[in-house]
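Let's start with one chain on its own, the form predicted on its own, as structure tokens.
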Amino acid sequence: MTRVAYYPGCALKERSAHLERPALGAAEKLGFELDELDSWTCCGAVPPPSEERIMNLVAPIRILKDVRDTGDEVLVTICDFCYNSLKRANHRVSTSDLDRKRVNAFLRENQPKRDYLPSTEEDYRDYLGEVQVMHLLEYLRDVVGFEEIAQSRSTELSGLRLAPYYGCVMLRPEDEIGLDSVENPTIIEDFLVALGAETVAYPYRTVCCGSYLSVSFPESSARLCSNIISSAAEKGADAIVVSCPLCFYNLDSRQKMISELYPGTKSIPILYFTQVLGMAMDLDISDLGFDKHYVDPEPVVEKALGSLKGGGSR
């Protein structure tokens, strides 16, 4: 089985475990292992707000350097914020001589010092951007291949009409991320088609859900999410498919507030792309984490699978 270095990030170990768990099971069925790094820290979640500051680069570059030092050339992550942070930090040290020198100088000085071990300073190798950061969707598209996934699926989700939602950080800024077109991305659509589902086109698939506004200005996020949900529902979507933990929270958990602020807004389940993959790969329903949803996905699951295997979703 092919092994690939895997960075989970913080959110996937608790609140967003239902994004990670189906991914691990589906990867095994597709012939590769997401091998979690032995030691990892938070990537910082967001890139530096200023090009003059480099301290926000230290956490993601330390992670990437450790991956390089263990002999891996590719690092896969699932969370959009982790992907954005790692990918953009990698881009900066790969393209800026000054940033690369400053970050490596700090990391060299910041190596753990123990008086019973010889100095490791002479062994330090500058990180030059050698590791390729890949989103799991990117790995499935470019390494595994969507055609291979289509042939490997155990269940064809032909009864589902799914609305892909991209949000912001998975794709932007395009010159640093380079995953797909910012204006007209297709990676999630192509992924869902490979699973046998029908995709729904709607105008809000790349519009921001409010991101961290959900903390300080929840009503503003609720308004943005209401537009996204209403647009997808009007086009006949059974569910909206996301890859970002914060997008999931805003679109799923905010539906209570949305129904109060905007009466008549149709409720719609929000699914992680890994949960959809898990259904297609016939993972046990108990491994898909549907009990963590505010909007019950049971009708969508029953439409896709015919029955709730493994004891039901709630």
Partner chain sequence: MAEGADNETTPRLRLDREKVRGEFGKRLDSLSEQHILACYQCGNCSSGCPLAEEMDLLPSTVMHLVQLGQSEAVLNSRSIWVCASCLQCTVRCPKGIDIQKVMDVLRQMALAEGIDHFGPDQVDPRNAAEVPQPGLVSAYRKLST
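This structure is a prediction, so every number in the text was calculated from the model and none was measured. Positions refer to the first chain, counted from 1.
The same protein also exists as the form predicted in complex with its partner chain; that form is not shown, yet it is the one meant from here on.
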Worksheet item: Which among 233 to 241, 190 to 198, 136 to 144, 165 to 173 is in contact with its partner chain in the predicted bound form, heavy atoms within 4.5 angstroms?
Response: 165 to 173
Worksheet item: Do Ala11 and its partner chain come within 4.5 Å of each other in the predicted bound form, heavy atoms counted?
Response: yes
Discussion item. Since only the chain is shown here, I'm wondering whether Ala45 would be in contact with its partner chain in the predicted bound form (any heavy atom pair within 4.5 Å).
Written reply: yes
Discussion item. Taking its partner chain as it sits in the predicted bound form, is Thr206 in contact with it (heavy atom to heavy atom, 4.5 Å or less)?
Written reply: yes
Discussion item. Is Gly159 near its partner chain? Define near as a heavy atom within 4.5 Å, in the predicted bound form.
Written reply: no
Response to the item:
In this chain shown alone, the residue from Gln111, Thr95, Thr186, Ser220 with a heavy atom within 4.5 Å of its partner chain in the predicted bound form is Ser220
Item to complete: Note which of Gly289, Pro269, Gly278, Pro245 lies within 4.5 Å of its partner chain in the predicted bound form, where distance is taken over heavy atoms; exactly one does.
Response: Pro245
Discussion item. I have Asn56, Ser211 and Ser216 flagged as a candidate spot, so tell me whether each of them has a non-hydrogen atom within 4.5 Å of its partner chain in the predicted bound form.
Written reply: yes
Worksheet item: So which bits of 187 to 201 sit within 4.5 Å of its partner chain in the predicted bound form, heavy atoms only?
Response: none
